[in-house]
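Shown here is one chain on its own, the form predicted on its own, set out as structure tokens.
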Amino acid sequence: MSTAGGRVAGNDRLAHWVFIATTVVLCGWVLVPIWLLISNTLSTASEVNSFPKPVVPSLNTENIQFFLTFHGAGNALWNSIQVAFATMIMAISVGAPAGYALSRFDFRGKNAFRVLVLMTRAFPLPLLALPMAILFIRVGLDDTVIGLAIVHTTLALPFAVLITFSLFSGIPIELEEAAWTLGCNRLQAFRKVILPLVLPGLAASAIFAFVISWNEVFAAAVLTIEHRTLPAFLLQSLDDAPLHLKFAGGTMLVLPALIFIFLVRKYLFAMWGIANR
């Protein structure tokens, strides 16, 4: 008995250390590139090109100041913010009702619809670029924030639908039925009972749509000229720039997304409670 107990305790310790080692590796995989990006941004040009690099940067802000005063950078940053938030709102406004319908109603072609939702990601964006650009020019949506937001919404919508579908499927329909018996209609039951439960998951889905829009560069480069987003602007303007200025551009691209995710992190943590039910 003692031998078996010692063996179990040894396995538990091994699993514990494997978990710690995996966590450290994953954290390093995510944090080290971010640290190198920010560290090189806060370094001088000579420090960026030197080897070995100093562990602590000189906290030089000239690179960031140059980027912020660079012609068009501020407008590109504002365009990215507008497009990302518009994409987030439209993706949730369309994806959440679709996910709710898939989880609560049985209708002909339900499985086919779910497959079609996934099939929208089967066509590469470069293949659709030319006809999409022609269509947008004809309808007057070329080089506009709302036109680019529509394209980004189509990229984020499949994930929004499937995420919200899994969220609504994890909540028993008996909760809604109980609200109906107490005098609520379907809309009132959804607003008072279901929505508070899935709000963290909806926020997480919105964050996912925000990040997809924020990082997308191909459609932004093809469909916009005067209203380019930050990734497309960086691709165009910093291609031949010095290395330290490229690091500054990368930092300004990553930092707003990190700040946004940090501000809504509680919804991400709360989503695990829903997913584990």
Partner chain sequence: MAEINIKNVAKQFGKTHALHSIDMTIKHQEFVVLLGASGCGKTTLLRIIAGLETATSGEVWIGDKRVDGLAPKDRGIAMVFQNYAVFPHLTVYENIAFGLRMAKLSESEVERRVQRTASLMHIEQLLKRYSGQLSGGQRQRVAVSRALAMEPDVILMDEPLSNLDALLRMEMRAELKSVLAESNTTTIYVTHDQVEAMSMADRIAIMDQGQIVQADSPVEIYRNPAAHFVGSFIGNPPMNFLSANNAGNGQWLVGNTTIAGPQSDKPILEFAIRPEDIRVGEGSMTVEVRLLEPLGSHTLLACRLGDTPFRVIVDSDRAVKVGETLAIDPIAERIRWFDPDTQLAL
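Residue numbers count along the first chain shown, from 1. What you are looking at is a predicted structure, and each value in this text was computed from that prediction instead of being measured.
There is another form of this protein, the form predicted in complex with the partner chain, and it is not shown here; the text below is about that form.
The contact with the partner chain in the predicted bound form, taken as any heavy atom within 4.5 Å, belongs to C184 out of A73, L202, C184, I89.
Proximity of V193 to the partner chain in the predicted bound form: non-hydrogen atoms within 4.5 Å are present.
Residue contact with the partner chain in the predicted bound form: S169 places no heavy atom within 4.5 Å of it. In the predicted bound form, the partner chain lies farther than 4.5 Å from every heavy atom of I207. Put simply, L77 is far from the partner chain in the predicted bound form: not one heavy atom of it is within 4.5 Å.
Contacts to the partner chain in the predicted bound form (heavy atom within 4.5 Å) from stretch 149-188: P172, E174, L175, E177, A178, A179, W180, T181, L182, G183, C184, N185, Q188.
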